Ligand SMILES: Cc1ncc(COP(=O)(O)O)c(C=O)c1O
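Next up: just one chain, as structure tokens, the form predicted on its own.
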Amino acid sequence: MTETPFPAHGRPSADLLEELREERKGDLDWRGGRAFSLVYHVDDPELEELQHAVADMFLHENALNPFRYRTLLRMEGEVLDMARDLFGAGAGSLSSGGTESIFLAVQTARDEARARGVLRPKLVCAVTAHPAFAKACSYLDVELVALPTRDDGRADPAAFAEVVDPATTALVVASAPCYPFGVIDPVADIAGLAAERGVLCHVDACLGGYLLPFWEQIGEPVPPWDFRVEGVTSLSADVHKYGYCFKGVSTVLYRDRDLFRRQVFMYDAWPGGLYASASSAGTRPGAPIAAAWATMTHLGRDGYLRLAGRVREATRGFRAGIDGIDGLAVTSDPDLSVFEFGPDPSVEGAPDLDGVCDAMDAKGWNLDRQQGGLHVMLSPGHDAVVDEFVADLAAAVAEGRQGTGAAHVYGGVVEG
């Protein structure tokens, strides 16, 4: 790769914009309903216009010192009020995304465990827990204990019971839902076990948090998963997923304020003055905070219910279409709009999934490849492409091509 030297001379803005417009033609097209990750497309021009306007309005604001930006301070407080109301939390903060929310919850649990004498604390989760937990453990000197799931892809409370020990365990984790299969772990059982043994329990609802309350209200079955469950002590939920805001803004919430205070950092032994923050970031961009407030306030409960209905229609259409194609089946029994599908184990001569995905790529779809199948995460905008997707998928299976062995990648690294 050719290295880029620092430019000796600047370039006109018109040239730069034209270069980017041309280059972006090859980027992921999430507006057309052909992408299934990274962006949650609402297909709502009014909301998108509002978000652009708010981002422009607060583009240069810095929430490092929120008292200098009273409007941001108010909006951030109201977003947290709305999140606490939605999930039944006692306290919490915003973060830049799910990974930071998970880091903060793990750090809080680690420090709580150290305060009761656990010097090398452990985190217990299922193998389906988001890799951010493994990353947090690696960074924060916490031992990760990842357990096998049940046959249905959900965490196994019996396996947790064998290893959770208040003398060593800082935190147990349940997913609502897990990303790979879209199933909700048995939160009540896992949280009850944690409470019985005096251990903290975190529910990772980064993916489903801002959909599940409305999914339940439109009549879909949702097992207990939030602070209504005794024993749940913290919860993460991303506003930039099914909260439909742009990146990056998430919420990390706690049952009580005393536990949340372990997350807060304060340092006053500095000539520059008091340094305090409730998250790992110092400087925080104002645009995501403002956009989270604008998005939630604009949509309101009725808007989120309407969008949940559209997600349900897309989910029903995709699942029925996949189930109707000979040789394919949805993995497990997903609880909402995120799931994997792969070869039907009851059918001989099932299709080569990499070959199917290559064929779908050629047709302009952007399915995500997992270790055991293909993955979709459905947004409101996918309700308009159900028939086209199913027809192209059936044709891709019928082609019977052999796959090229493309990598199964969720995230990557840019080296510099």
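Don't overthink the numbering: it's just position in the shown sequence, from 1. Because the structure is predicted, anything quoted here is derived from the model rather than measured.
Beyond what is shown, the protein has a form predicted in complex with the ligand; the following relates to that form.
**Student:** Heavy atoms within 4.5 Å of the ligand in the predicted bound form: which of the stretches 303-311, 97-105, 271-279, 212-220 has them?
**Tutor:** Selected range: 97-105.
**Student:** Go through P288, G243, P121, P177 and name the one with a heavy atom inside 4.5 Å of the ligand in the predicted bound form.
**Tutor:** It is P177.
**Student:** Ok, L200, I184, M75, L207: which has a heavy atom sitting within 4.5 Å of the ligand in the predicted bound form?
**Tutor:** Looking at L200, I184, M75, L207 one by one, just L207 meets the 4.5 Å heavy-atom criterion.
**Student:** Is R110 one of the residues lying within 4.5 Å of the ligand in the predicted bound form, judged by heavy atom distances?
**Tutor:** Contact check for R110: no, nothing within 4.5 Å of the ligand in the predicted bound form.
**Student:** Taking the shortest heavy atom distance, is D335 within 4.5 Å of the ligand in the predicted bound form?
**Tutor:** Close contact is absent here: in the predicted bound form, D335 is far from the ligand, nothing within 4.5 Å, heavy atoms only.
**Student:** Check whether H130 has any heavy atom within 4.5 Å of a heavy atom of the ligand in the predicted bound form, and answer yes or no.
**Tutor:** Flag for H130 set to yes.
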